[in-house]
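First, one chain by itself in structure tokens, the form predicted alone.
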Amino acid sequence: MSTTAGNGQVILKLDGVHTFYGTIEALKGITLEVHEGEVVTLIGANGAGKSTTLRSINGLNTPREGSIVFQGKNITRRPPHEIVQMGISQSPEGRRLFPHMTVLENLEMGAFQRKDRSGIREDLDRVYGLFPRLAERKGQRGGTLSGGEQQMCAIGRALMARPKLLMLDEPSMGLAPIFVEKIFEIIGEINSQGTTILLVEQNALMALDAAQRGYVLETGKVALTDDAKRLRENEQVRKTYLGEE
């Protein structure tokens, strides 16, 4: 793995973020930070606010209070397309490919705001290097891929924006165990190539193995934060999230 907390600059900082769905307060003052070069994971039960945290960062849910700063710039109220341009991209929960488009077309959609043709070709080669399966399937429609292949395509599409921060929302959801291991191997590889990652993952054990640091979310608040190894050894975390007695 690459740098640990404290080595890199703070690339992302959330400070006292409150986000609502109508009258329901989903995030109740979330404060967290991600350093350059890290993998940071958010773990917690369903409804804890993990995906809402990502939606607050990527501009899909504007917080009512608090601030989100990315690379020293306040992005709290920026529209999603500007946030992508600034260097944050996401592989969404449920993958959300364009089912009637080919793998190649789906990947190209990730680069639709870019004009640097040669850079786009380089990134396409990088994605095919990480996911050789996608190179084999580039002419195939997204909707006909297996779940694991769709997940690869969704991560590949997010990488085509050449992000400084890659957000992954439930990358292992619904995948066969062999694909889960493969996806996490590739997450490690993407990070070692220099991309900072914020990971939301139901499989807490895999997430803590992949990350340097973690935040445990409970009902819209940060209940606990520590380095990933210590969180794995934390008795409460083991009982609640790792299914150990």
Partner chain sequence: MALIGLTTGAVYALVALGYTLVYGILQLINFAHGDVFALSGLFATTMIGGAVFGLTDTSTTLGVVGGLTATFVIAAVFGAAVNSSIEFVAYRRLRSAPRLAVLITAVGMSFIVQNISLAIYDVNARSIPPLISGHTVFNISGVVYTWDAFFVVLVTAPVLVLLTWLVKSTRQGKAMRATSQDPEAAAIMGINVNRTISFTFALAGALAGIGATLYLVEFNIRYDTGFTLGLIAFTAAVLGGIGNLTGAVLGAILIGMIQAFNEGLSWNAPGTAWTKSIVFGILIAILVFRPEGLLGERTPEGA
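Numbering follows the first chain given and starts at 1. This is a predicted model, so every value here is computed, not measured.
There is also a form predicted in complex with the partner chain; it is not shown, and the following applies to it.
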{"query": "Stretch in contact, per heavy atom within 4.5 angstroms of the partner chain in the model of the complex, of 177-185, 31-39, 203-211, 55-63", "finding": "55-63"}
{"query": "P92, heavy atom within 4.5 angstroms of the partner chain in the model of the complex", "finding": "yes"}
{"query": "4.5 Å heavy atom contact, E105 and the partner chain in the model of the complex", "finding": "yes"}
{"query": "Exercise: Q113 in contact with the partner chain in the model of the complex, heavy atom 4.5 Å", "finding": "yes"}
{"query": "R137, heavy atom within 4.5 angstroms of the partner chain in the model of the complex", "finding": "no"}
{"query": "Option touching the partner chain, based on a heavy atom within 4.5 Å in the model of the complex, out of H100, K73, R77, R121", "finding": "H100"}
{"query": "Residue (of R162, R133, R126, R96) lying close to the partner chain in the model of the complex, criterion heavy atoms within 4.5 Å", "finding": "R96"}
